[in-house]
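Single chain ahead, written as structure tokens, the form predicted alone.
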């Protein structure tokens, strides 16, 4: 199977990029009529993990900015969106309380733009029981991709790991891989287990090394990962820890025997500037969305909306891109409804009916569907460190996860 077999929907936009700080066109959203919506509010909610091990609220901040833009431009056929975001503090019990509050007290018609670590596992049952749809901007754990009422916009860390593993095997000639991951409940089984299942089908040796994220001794962790002389180490964490890992690997001279690659979680515009020139052309990552500085029309619209309706401190990261997409897809679906008959049942039907949602931020169109599991986004680009920037190499490629067999078959049948 060729690495270039994936279909690229934003390869052209990725090749021609502009820095996001420049002037943008006026934001475009909703009815785009410049009239403030003043009808009865439509309650929509989101749950994020903002306080705790890390702040994962940027997706909801982007969704909030988009909905503010919609409300300034006619709303949902005259009705504004009332968007409520609750923080679950990385705790399943708090996440369950937040879901109950949104569903039973706020009477939300849907949840949109979430990025909660425990949320999918804690709340999948109540979403199903109450007939509520959740479109997380970013799904992290297995439960986010295995519920009839939850459909994330992103591909997820499992597919990001498999996507970059495929690159390591097909482009870097790796035959043995180590999945290096922090000990977060379910993470190793979901992410590294996916790599291991994929490796068995591809005749690639895959092993897993875990570490305590609360007290990482990165030098010893990297040495442990490289102890068996693997051809490549897959770093499954975010920018800060990745920088520490690459510094340790450089100090030990490990790149002479082992390649280092990462997930979309380590893609940040300033990472190339945070590591030494030693890593030029040596560190590669998978992308779930278009590059943050893409010149695509939708990518520029996302930045314009963040500049006008978001805070200057709101991150402009991949999670933010995903929050924008979740809000945009939801808005388009709601605009198809009779504004006088918008209730939870109608919204659930409308959101589950989303198909062929296109954006230059995505490799392929996104859809929801009626299946028991959802992973519409399963393609991504690869980027490598090039000086103080990232360089996109190749086109979009599918993460050929064996668990996606049913999804691939359904997509083929739908063509």
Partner chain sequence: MNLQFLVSGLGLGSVYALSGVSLVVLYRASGTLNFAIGALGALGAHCAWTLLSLKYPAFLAIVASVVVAAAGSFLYGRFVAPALSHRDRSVRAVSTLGFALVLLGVMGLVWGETIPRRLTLPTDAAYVELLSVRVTYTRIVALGLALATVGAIALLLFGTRIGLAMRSLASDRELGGILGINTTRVDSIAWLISGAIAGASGLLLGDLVRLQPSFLTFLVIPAVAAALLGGLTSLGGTIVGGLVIGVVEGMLTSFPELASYRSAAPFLIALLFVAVAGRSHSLRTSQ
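Predicted model, so just to flag it, every value in this text is computed and none were measured. Positions refer to the first chain, counted from 1.
The form predicted in complex with the partner chain exists for this protein as well; it is not shown, and the discussion that follows is about that form.
- The partner chain is not shown here, but in the model of the complex it comes within 4.5 Å of a heavy atom of residue 215.
- Among residues of the shown chain, residue 189 is not one whose heavy atoms approach the partner chain to within 4.5 Å in the model of the complex.
- In the model of the complex, at least one heavy atom of residue 270 sits within 4.5 Å of a heavy atom of the partner chain.
- The partner chain in the model of the complex is approached by residue 250, whose closest heavy atom lies within 4.5 angstroms of it.
- In short, of 238-246, 299-307, 129-137, 116-124 it is 238-246 that has heavy atoms within 4.5 Å of the partner chain in the model of the complex.
- Note on the partner interface in the model of the complex: the residue among 210, 176, 77, 146 having a heavy atom within 4.5 angstroms of the partner chain is 210.
- A heavy atom within 4.5 Å of the partner chain in the model of the complex is found for one listed residue only; from 224, 89, 73, 84, this is 224.
- Taken together, the three residues 331, 376 and 415 all stay farther than 4.5 Å from the partner chain in the model of the complex, as judged by their closest heavy atom.
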